[in-house]
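You are given structure tokens for the same protein chain in two forms, set apart as structure 1 and structure 2.
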Structure 1
């Protein structure tokens, strides 16, 4: 009696992947290689260079002097860096919370057909078309002692609230924050509008038939379907809050008395005003670590939540 023929061995996943890659036309590899080389040269190499420069003392002219972790030790004792770090925490919470809440609220309000809905969406998104530097100059005029904001307070009889907003150490950071949130809300609104368009409306209708309130339908039906959008919004908001520079520099240049200094503005000041490129690179490394840490932590928590 002859033994049954052995079943052919199934190819391994690695073998399947290799064969799939071999089937990719050469022209496709060329088109992929060109942007990869550009990305390596313009993004990854400068980023790696920043890490090496952070371990040196360099003014951009004389040879770099290795100092090990000396720059990071100096950061620890630098009161302006501490202030900038605290301001970045306030900025991340305020900028992220207010822009996400405002953008989501606008998206829900404008996620319906209507004769002027398209006009409202365009008007709210319009500030994103303008550069941050121009936005900063616009709001600098708004906050001027004789500007529209103080004039409006005078018209309604609230002269006691008139202030030199950008010259007040206690209010300057929040004044700049309002300007940044005003610009960002339109972008967040567009992201959430795209997510709301992909939500299953039949689930919300069924919940309404079962007697669920509007808030219950939104929180229990709509929000779980926006998980993917929430991840994108979180990543974009954290990165934007840590790299915010233009609007702060245009409005206050980190003043008054360094009270609106952020990590990005302090890094620019150290690098291009004072010429401390090694010290500035150490600040850049801190910004990078904070951004990566926030994003990886959030993504890990989301992955665990999806598995559960």
Structure 2
């Protein structure tokens, strides 16, 4: 019943399986099967369906019409799709880079306990509990033409920098990105704080005794020990970037002129605003293909962690 690995190796694999089946009580099979069936029906079955839908033209009412790889060929020539893809790359790099730099920097600064440190940490975490949609609304207030950001720029005499942040096609994507980073930094900081806690402090002390500077100690002693966290952060960030939807939808809906369109928002718009369900599924498949490598990286790490 417990630890099956501890059972002595048996010659026949099939026999072993049968015996295992009998050893597991029926109730336990039910325990496993109900959640499994729920997930199969609501996750894996729809996911499989998206692939077949991506090969059709479908408006949701009349029967789907098979078009082979036609949707993908259309995507290739679709300037909005190309823009969305490009924006997603900018997003992954900007969102990932800034939130990792911010989160790691804050984690290092706030690693050791001290007066006020708990307060600083809570302040940095706080945006994380605000939903992405509400974060978007908060920052719409900040970016409003007569809003706090423009007002503050006016107060310090930088009137030249005042902008219509969310209406300017060149700035809007970055304006949304800053809002997303504001929310993400806390999460990355939590991950790195835990990583730093599990670092061996004596190594750093030894290096300090040997005369290594704080900068050297960080890069040569601490960073290598954070390899695992880095991997997780990297995978999580890319997966998150490809999923990003709420904040863009709340702030710009992909506008102005599709300049803040990401793959996810364009997919949603095609599916539920325009009703091009086949074409939208093709975009979803592209998102999946881009994400799968990182999903596997993350899973492989979890599988290894399961073993020890």
Partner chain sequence: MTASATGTRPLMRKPKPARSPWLHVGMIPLTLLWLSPIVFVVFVAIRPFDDLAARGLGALPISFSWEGFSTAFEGGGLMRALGNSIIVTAVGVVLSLALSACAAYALSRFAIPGRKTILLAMLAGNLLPPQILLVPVSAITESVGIYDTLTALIVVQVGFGIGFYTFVLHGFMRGLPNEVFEAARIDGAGAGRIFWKIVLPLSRPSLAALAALATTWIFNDLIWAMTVLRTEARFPITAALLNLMGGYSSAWNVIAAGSLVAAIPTAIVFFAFQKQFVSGLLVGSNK
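Numbering follows the first chain given and starts at 1. The shown structure was predicted, so the numbers you read here are calculated from the model rather than taken from an experiment. Each form is matched to the other, and the largest set of C-alpha atoms that superpose within 1.5 Å is called the rigid core.
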Sort out for me whether 1 or 2 is the form predicted together with the partner chain. 2
Post core alignment: residue 296 C-alpha displaced by 2 Å or more between the two structures: yes
